[in-house]
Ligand SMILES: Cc1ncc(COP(=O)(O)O)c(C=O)c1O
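First comes one chain, alone, set out as structure tokens in the form predicted on its own.
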């Protein structure tokens, strides 16, 4: 591969692939919590949960320490454990499979749709066995999976659906926000790479009252009476611990940040969608690139803007990323293929996941964040146009 690139100078600033937008409002919210005397899971967490469930339009939101712990609790609440199988995509962050493995169950990897990068319904049904206990669907990089078709398969086999919505805050499917579960449970991430961040943290959403109460207990050592309830009680309240639970709590410090971020979310989404539209308009003429495809019934939040090389393009994805890095433009590889990592490596998966393999080898993520300027975006676009393959 030969490239023609613009010269850079030591003063050319680096354009990061992502950057959280944290301002004075978040700082003041944290300061208020620090001065309140209650900094662990408490009144701000409860307020964040109420605001989040109202935004999504679901009955319950349960704040936890990460999306990984959210997924693990979701699986445990389904009774999933050793000897069980859970179907999921391999094209996802490794936490998707780790959450399954942490219960003692086995992840079974299904291939993906080459346009949306989400589970392909046509590849799903053949993987269902007598040991299958759930389907874990990922709404990848902020684009909703084809839930109607996937739900029909799950219902036919009486299997629960758990939605890994780590990247999907604000994304839409059939004019509904992701997170009002089509399955039983959806799980979100607030990692700094996500659109709404609390530093670390996650949220579980569900419409089932009994399930929500159990999840609230499990995140706090299965304690029968919460800290807040005991603190506010006017009579002595002694808790019990009726099953094995976990310390998966969110702090009030994180929740305070989350409340401000949730209020700013419409602006975050509008800006990302505008920048993504500029990328697509500017890059669709490059013959060796394929821009994101968005089905008509979906609304992408563009948590990431991922391109991929067209089939048959000479050269490698990594050399293009290196060329951009030499111009102080940061990128990231495509979504990983979990089945190629040591804990999950198997000839079965390598042979059966041809689309996953192709996407993970040819895709790469461009810089996109709320405070990205059009000037910075034009630098990225110009650099890509300068590459000759």
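All figures in this text were calculated on a predicted structure; none of them were measured in a lab. Positions refer to the first chain, counted from 1.
We do not show the form predicted together with this ligand, though everything after this point is about it.
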Check whether residue 328 has any heavy atom within 4.5 Å of a heavy atom of this ligand in the model of the complex, and answer yes or no. no
Please tell me whether any heavy atom belonging to residue 189 falls inside 4.5 Å of a heavy atom of this ligand, as the geometry stands in the model of the complex. yes
According to a 4.5 angstroms non-hydrogen atom cut-off, is residue 171 in contact with this ligand in the model of the complex? no
May I ask you to state whether residue 95 is within 4.5 Å of this ligand in the model of the complex, using heavy atom distances? yes
Check each of 143, 185, 178, 166 and return the one that places a heavy atom within 4.5 angstroms of this ligand in the model of the complex. 166
In the model of the complex, which of the listed residues (308, 194, 72, 300) lies with a heavy atom within 4.5 Å of this ligand? 194
Assert contact_stretch over 247-255, 122-130, 158-166, 263-271 against this ligand in the model of the complex, heavy atom within 4.5 Å, equals 158-166
Using a 4.5 Å cut-off on heavy atoms, what residues in 52-83 are near this ligand in the model of the complex? 66, 67, 68, 71
